[in-house]
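What follows is one chain in structure tokens, specifically the form predicted alone.
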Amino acid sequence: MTKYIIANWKMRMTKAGAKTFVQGLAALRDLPKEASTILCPPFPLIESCLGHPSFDVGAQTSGAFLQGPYTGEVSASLLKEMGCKYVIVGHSERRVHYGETNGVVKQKAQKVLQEGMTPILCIGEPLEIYKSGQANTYLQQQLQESLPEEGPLLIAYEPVWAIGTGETPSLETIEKTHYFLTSLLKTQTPIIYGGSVTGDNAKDILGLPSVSGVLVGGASLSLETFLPIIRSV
């Protein structure tokens, strides 16, 4: 069974650092065959990550339109032309810092699918919702309003309170949440987990039957911390 190991470098990494990382990862021949590794660098570093058969490349977001007067945006069509196969849409940092609504996220996901790429659709509840016991209600609305009409995609469950904090839900909570999300979907869709994933907890998380992979933030910035996660598959 394929397990997706996705590196989200966010607004980190340098050109020199990316070159060293990519060369090191591409040179390895002993990685698990079940691991499907995807690197999602900042836009200017995408080209320097392309061209290696052992991993795919994705973007961290894309525009809601394919062309037009949208200063600073990057279209799904251009990302496809560059060689991307995946695009993260709806990450909580995009929703919070840039005001992306469920409707905007859905529009972006549909454009990614239209261009023949795979959206990695992120959903997740904030701390106050989690503590109130309303996580499932929140996630159901977020998923249903963000989900594109049709096409293959990945769902990334990232509890907002766990991203970059070093905290993770219990394995039981992850499992129950993933099964709940599966029950809401009409087609069989891989659901991956994200939120303070490290080499120390990756094996346990990836061992859950409902987890099809992990979306990794800080631990994806160096091979020293990222390789143990890939080798956890």
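The first residue of the shown sequence is 1; numbering continues from there. Since the structure is predicted, the reported quantities are computational estimates derived from the model, not experimental observations.
One more form of this protein exists, namely the form predicted together with a small molecule; it is left out here, but the text below deals with it.
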Discussion item. When the contact criterion is heavy atoms within 4.5 Å, does A162 count as touching the small molecule in the predicted complex?
Written reply: yes
Worksheet item: With a 4.5 Å heavy atom cut-off, would you call V197 a contact of the small molecule in the predicted complex?
Response: yes
Worksheet item: With the partner left out of view, is V22 within 4.5 angstroms of the small molecule in the predicted complex by any non-hydrogen atom?
Response: no
Worksheet item: Would N8 count as a contact of the small molecule in the predicted complex, using a 4.5 angstroms cut-off between non-hydrogen atoms?
Response: yes
Discussion item. So if I measure heavy atom distances to the small molecule in the predicted complex, which of the stretches 184-192, 163-171, 49-57, 23-31 falls within 4.5 Å?
Written reply: 163-171
